[in-house]
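In structure tokens, the next block holds one chain alone, the form predicted on its own.
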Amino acid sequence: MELKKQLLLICYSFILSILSQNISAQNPSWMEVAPGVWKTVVGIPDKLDLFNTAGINPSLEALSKMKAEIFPLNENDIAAEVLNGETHLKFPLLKNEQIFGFGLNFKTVHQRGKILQLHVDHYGGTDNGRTHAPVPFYVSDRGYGVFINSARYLTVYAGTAVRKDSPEAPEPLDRNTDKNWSSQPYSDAVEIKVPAAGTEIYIFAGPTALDAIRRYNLYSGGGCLPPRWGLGFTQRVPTLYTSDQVILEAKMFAEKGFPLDFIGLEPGWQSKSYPCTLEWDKTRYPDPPTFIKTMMEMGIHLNLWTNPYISKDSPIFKAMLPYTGSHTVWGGVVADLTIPEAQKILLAQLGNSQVKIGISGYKIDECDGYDRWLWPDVAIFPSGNSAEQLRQTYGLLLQKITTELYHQKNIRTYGLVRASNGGGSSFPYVIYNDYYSHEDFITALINSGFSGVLWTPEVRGSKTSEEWLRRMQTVIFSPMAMINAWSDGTKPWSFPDVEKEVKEYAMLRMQLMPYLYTEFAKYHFEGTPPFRGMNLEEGFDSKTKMELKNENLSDNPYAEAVLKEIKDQYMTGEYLLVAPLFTGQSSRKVVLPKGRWYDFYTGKFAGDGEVIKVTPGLSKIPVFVKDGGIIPMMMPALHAPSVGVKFDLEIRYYGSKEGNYKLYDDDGETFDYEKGMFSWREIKVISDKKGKLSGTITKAEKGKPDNLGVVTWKFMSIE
């Protein structure tokens, strides 16, 4: 009987290998699987892919509310071919069409003309596809998106290669005599190599690029909705801190009047790390339950660092050993987390020794790269899935497992992770790394919005108070306002000459919580990324010309830079345009989309569809609000509002045209919103015949959350 099974398996494998060798080039047949979302299958896809790994649950109801669209590309221009066990894909590109995405890039926003290998890895300083979240999704400024559902190392030729059968192949030019000769001729296609005998492909309709991204996020389950405290201020303490030192640090924040919602404990909370035991160190944390209770009474949540490589001294080592790969990392075994039994063992350890006693989340480190650290591609795993596939999905698996752990307890979490991939939009994790270029961190924040992931430009050490303040100003307008002091113990007040300004921005973060929380709710319910690049903003023209007078373009060729890409300003939510300054800068250019824009701090008119120059001084990061902008803010506070605690609301309005905004509200900590326990309260500003403005806000629905106290209005605009 056993021999018969083996023979059948051999026959099946032989037939599969024959079928997968060569499938002639074809125009795939598309099936609409959700409103504005089409799918096709080429060849025989791997069983382990990104969407299956993430366990996506498409938000079909939300997708059905979007406008119906037709298939956004010419089907005849899309080609797929399986050749020698590989899948080759081709998608059309029009002249002057620009594409964005392909994951968390740090240097560039425009991706046309790039060659990338999408490979989970530490970011090494070059946008070559090896990054923390190499999401195989791109979006076009023509209003569509393409996703390749494969957990393989994909090679992307994003408008770089010229096919001889191309209907628009460029004419060869003589370099000797023709000044128009280019080393990179026009290419009319995105071509992708999938090292597998098949794959799934998804197309997402617009009509705008932002709409295509929204559909992608909603199909992935909708963006994450963090607890309110996750949007507060966070401090990560040095590696070998003790429970007493952590308590003392929290007290210092309170005494100095700095907000603090959660503290991150670094490797020293574990008895051993690199590899990890996943259990408390009894010398530094002799009584974890009492310690956690003390912190919670102070209004502080706790987040634990870990990496997933299990020490032989871990209490789960023996049970996990049968479910581990052939290679170790730092001497620790690598659990094959595609196996349910391995997931259960890990969940039991985290749940019983940490989450059960009140730990609020995790920082999951070292699940991305480097190659010399992680398992090699020749490693073997007991599930039969390849080392390559495990590398591409390990961050997703860890996010999924821990998210489900908290979901089972009806408690939301918000944490950090080093690796993610396609389909992970719903996981409440923010990506971070060891790279530390401030300018590149902003580019990464912009690119995160194209790929369904979150990124924090965290603050660590700084050489000067100027750098410290500039970094602090930026992190306030990001998914996680975090100081990572694991190595040097820096505090918000580490530079006394800017302590006052740092505190002001930390408090501003807290004041903006109603606005930020609503924008994350829109990420969850509507798919709109809360932080996104200017190319997704209505009215933005990437070809904006220099309009400043008295500018010497020989000294300042900014007009050329504008034509290339904008990678140093971005949108925070619906209304706020953030334009950071970096160390050494006293002024900068800001490209304003069409429509009237106002200074966030003063309400003064700033411009309309033009390039402006701003000189804000060290104490300010330039922020602008679009005409009709409504920014709901709460009073300054040291902690995010907890369940059932009402907060007063100040509604700021900017501009002169009538505006409206829907403010989101729920209990802020549980998943009861999935059962309908949430409310949207409409805020309106109208103008009477004399031009006088007035505002209204609707009451909360009966039986729905109502956390608002006194509501006041502040009309900011100055013409």
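When you see a residue number, it is the position in the sequence shown, counting from 1. This one's a predicted model, so the numbers in the text were calculated from it and none came from an experiment.
We do not show the form predicted in complex with a small molecule, though everything after this point is about it.
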Task: Stretch in contact in the predicted bound form with the small molecule, which is absent here, among 175-183, 292-300, 344-352, 428-436 (heavy atoms within 4.5 Å) - done: 428-436
TODO: Using heavy atoms only and a 4.5 Å cut-off, decide whether all three of Glu266, Tyr274 and Glu366 touch the small molecule in the predicted bound form.
DONE: yes
Task: Lys356, Arg163, His327, Arg460 - the one with a heavy atom within 4.5 Å of the small molecule in the predicted bound form - done: Arg460
Open item on the list: Counting any non-hydrogen atom inside 4.5 Å, which residue from Phe525, Phe317, Trp305, Phe253 sits next to the small molecule in the predicted bound form?
Closed with: Trp305
Open item on the list: Contact with the small molecule in the predicted bound form for Arg228, defined as at least one heavy atom pair within 4.5 Å: yes or no?
Closed with: no
Open item on the list: Quick check on Arg418: any heavy atom within 4.5 Å of the small molecule in the predicted bound form?
Closed with: yes
TODO: Report yes if any heavy atom of Trp486 sits within 4.5 Å of a heavy atom of the small molecule in the predicted bound form; otherwise report no.
DONE: yes
